[in-house]
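The chain below stands alone, shown as structure tokens; this is the form predicted alone.
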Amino acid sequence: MHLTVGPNQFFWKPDPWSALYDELARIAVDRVVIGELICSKRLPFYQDRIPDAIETLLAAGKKVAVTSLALVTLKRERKMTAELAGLGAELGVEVEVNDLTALAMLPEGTAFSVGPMVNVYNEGTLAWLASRGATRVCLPPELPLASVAALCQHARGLGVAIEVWGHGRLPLAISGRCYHARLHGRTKDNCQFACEDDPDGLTVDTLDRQPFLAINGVQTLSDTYANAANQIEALREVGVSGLRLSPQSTGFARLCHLFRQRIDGKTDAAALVSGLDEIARGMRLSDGFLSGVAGADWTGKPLQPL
């Protein structure tokens, strides 16, 4: 089972952004998805650093993909998406599609991967994507184990690798409006990059002050960090080939190391969870989607084999 690091969902300053990929080149992850997933306004701050980051990762033996935006709404975003295929070919990496509009920009026959923002809920969708050139699909994180198993079985006959969400705040929705801008009394066009102050998203409480969701510019995320620590064996048994870890600003290299030890059988789920608590005290975990109960729940125990 391989480890993929997904695209950074948050807005970090250029130096921490570069430091993430320098660090990933030195640790035991297999694949890295790089680029801007959430808001095209962030991209100019680090766009010129992407080629060097990709070169560093490739030199370290990592597989690399560049991501499309999750929601394309503007003419310049369409142009940017159209340029992805050329960028991928120039740098020798594949494109990860996180908005189906990107498919129209890829030349026929181009192999690509599919990210978790695309709703792949059934065998028909999976087969259609495979017919268009998809070789790898990271499933939406809200699927229970039974659905993951059914899609893995179908994917084997299509030659498609299946990833699932391993750790991180879950991407729930993308909007045309910017929540961070509105919170600060600004328009989206004059947001002044308020999201920069929340490198892991901003927690949203209910009216009775219970943690509920998190916001990240135009994105809505889960408050909890979905974590598959207890489900590694069950996921491997049904045919999942990889786990996806979402970057966070604190202790991410250590987090990747803990997951590598876990999938290699060198540690157990309890040790992984204990290590995560040392990285970020009070981090609330969940695995309810995989277990088939409420998504925000934390069962804290392995799933029974299917």
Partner chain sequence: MEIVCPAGTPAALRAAVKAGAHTVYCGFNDETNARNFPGLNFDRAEMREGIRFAHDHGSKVLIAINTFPRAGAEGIWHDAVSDAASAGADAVILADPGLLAFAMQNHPDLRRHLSVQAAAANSDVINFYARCFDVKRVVLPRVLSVAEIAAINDQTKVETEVFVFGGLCVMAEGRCSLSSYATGLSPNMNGVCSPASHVDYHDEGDTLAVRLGGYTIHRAKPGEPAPYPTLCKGCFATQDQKGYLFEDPVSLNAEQLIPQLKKAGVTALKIEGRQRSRSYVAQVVRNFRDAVDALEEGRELPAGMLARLSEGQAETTGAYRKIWR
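Bear in mind that the values here come from a model prediction, so they are computed numbers and not experimental data. Residue numbers count along the first chain shown, from 1.
Beyond the structure shown, there is the form predicted together with its partner chain, which is absent from this document and is the topic of what follows.
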Quiz item: Ok, 161, 232, 202, 194: which has a heavy atom sitting within 4.5 Å of its partner chain in the predicted bound form?
Solution: 202
Quiz item: With the partner left out of view, is residue 293 within 4.5 angstroms of its partner chain in the predicted bound form by any non-hydrogen atom?
Solution: yes
Quiz item: Though only this chain appears here, would residue 123 touch its partner chain in the predicted bound form if you measure heavy atom gaps against 4.5 Å?
Solution: yes
Quiz item: Looking at the partner-bound form in the predicted bound form, is residue 76 within 4.5 Å of its partner chain by any heavy atom?
Solution: no
Quiz item: So, in the predicted bound form, is residue 135 in contact with its partner chain at a 4.5 angstroms heavy atom limit?
Solution: no
Self-check item: Site test, 165, 243 and 277 vs its partner chain in the predicted bound form, non-hydrogen atom cutoff 4.5 Å
Solution: no
Exercise. Select from 138 to 175 the residues with a non-hydrogen atom within 4.5 Å of its partner chain in the predicted bound form and write them out in sequence order.
Key: 142, 143, 144, 147, 150, 151, 170, 171, 172, 173, 174, 175
